[in-house]
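What follows is one chain in structure tokens, specifically the form predicted on its own.
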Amino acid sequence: MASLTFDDRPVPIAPNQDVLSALLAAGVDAPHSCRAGICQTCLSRAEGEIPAEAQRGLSKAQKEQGYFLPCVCVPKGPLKVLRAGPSLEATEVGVCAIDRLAPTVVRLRLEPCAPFAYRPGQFLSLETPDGCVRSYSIASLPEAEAFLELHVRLLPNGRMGGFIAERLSVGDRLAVRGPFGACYYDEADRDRPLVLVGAGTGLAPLWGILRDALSRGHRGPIRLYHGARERSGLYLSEELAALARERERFSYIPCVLGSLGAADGDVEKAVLEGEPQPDAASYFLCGGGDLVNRVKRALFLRGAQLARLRADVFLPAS
């Protein structure tokens, strides 16, 4: 029979109710965002019977330490949720820059007030003073940059985007938790072609992964496909084009549907046409779920190895 405790306190949980919902109903301040087991904002530790689906996508080390995703965890037996360890505690950050990269994209640079170790391409949870929490990929390079760089898409009536665009100022303090995720460069890929595919702010993790790979001496070719609905959405295009001119083995392929790029600007078709040997490369696919899942499936059916298809799906907040 399912039972739930948090910090040694019994928490009521109904049949077929997920752990996150039970914790929130009991007044526990549990970080969360997508509530779909994707963003890992709610990542927690527990002792007891953890269902396999509540650990899907986690590393072997995380599973062994009892980490799980409360938002998709429906316990079948006794489960004791532990207080967050140091890696999940909030880190205070100061806002050091707010820049508009495109009409609907803001670059946010944050200076951590304490050490914050991460790999470019991972993501973190950003928290505002009024309790808004959203997940964003990390675009900065820790060895070269003292700040954390996030690319925030401004959505109509978006709570976080509205806060950043209208109320946030340089010098303000926020909090971050993390890092989370395993979408980052692996030096085992050093001699393989590296194919980076994204749309919109899916460029954020790719910008970090690209520079991380180059700084670590990647020897294979690197191709970055970036799609946007409008030309104005191709932010950082000048920087990427300049990098392509400097680095012989790096190619930048911008795509705007119907007006720019290979395959009439269809980024999915451009990737499939531009990668004739899918089994030879390693891939990073970042952005909206429709695009990422379509490209991942198409590449897999054409021979790409599943273990080399790393994906970071962006989901809207619930």
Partner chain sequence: MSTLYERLGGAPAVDAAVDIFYRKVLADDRINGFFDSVDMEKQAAKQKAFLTMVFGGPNAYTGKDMREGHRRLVARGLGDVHVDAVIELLGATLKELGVRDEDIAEVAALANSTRDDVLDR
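The shown structure was predicted, so the numbers you read here are calculated from the model rather than taken from an experiment. C-alpha atoms forming the largest set that superposes within 1.5 Å between two forms make up the rigid core. Numbering follows the first chain given and starts at 1.
Another form, the form predicted in complex with its partner chain, is not on view; read the next lines as being about it.
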{"item": "Its partner chain contact in the predicted bound form: Leu301, any heavy atom under 4.5 Å", "value": "yes"}
{"item": "Contact of Gln17 with its partner chain in the predicted bound form (heavy atom, 4.5 Å)", "value": "no"}
{"item": "4.5 Å heavy atom contact, Arg56 to its partner chain in the predicted bound form", "value": "yes"}
{"item": "Its partner chain contact at Gln65 in the predicted bound form, heavy atom, 4.5 Å", "value": "no"}
{"item": "Sequence-ordered residues of 271-302 touching its partner chain in the predicted bound form, heavy atom within 4.5 Å", "value": "Asn293, Lys296, Arg297, Phe300, Leu301"}
{"item": "Threshold 2 Å Cα movement between the shown form and the other one at Arg167, rigid core reference", "value": "no"}
{"item": "Flag for Val74, CA shift 2 Å or larger between the shown form and the other one after aligning core", "value": "yes"}
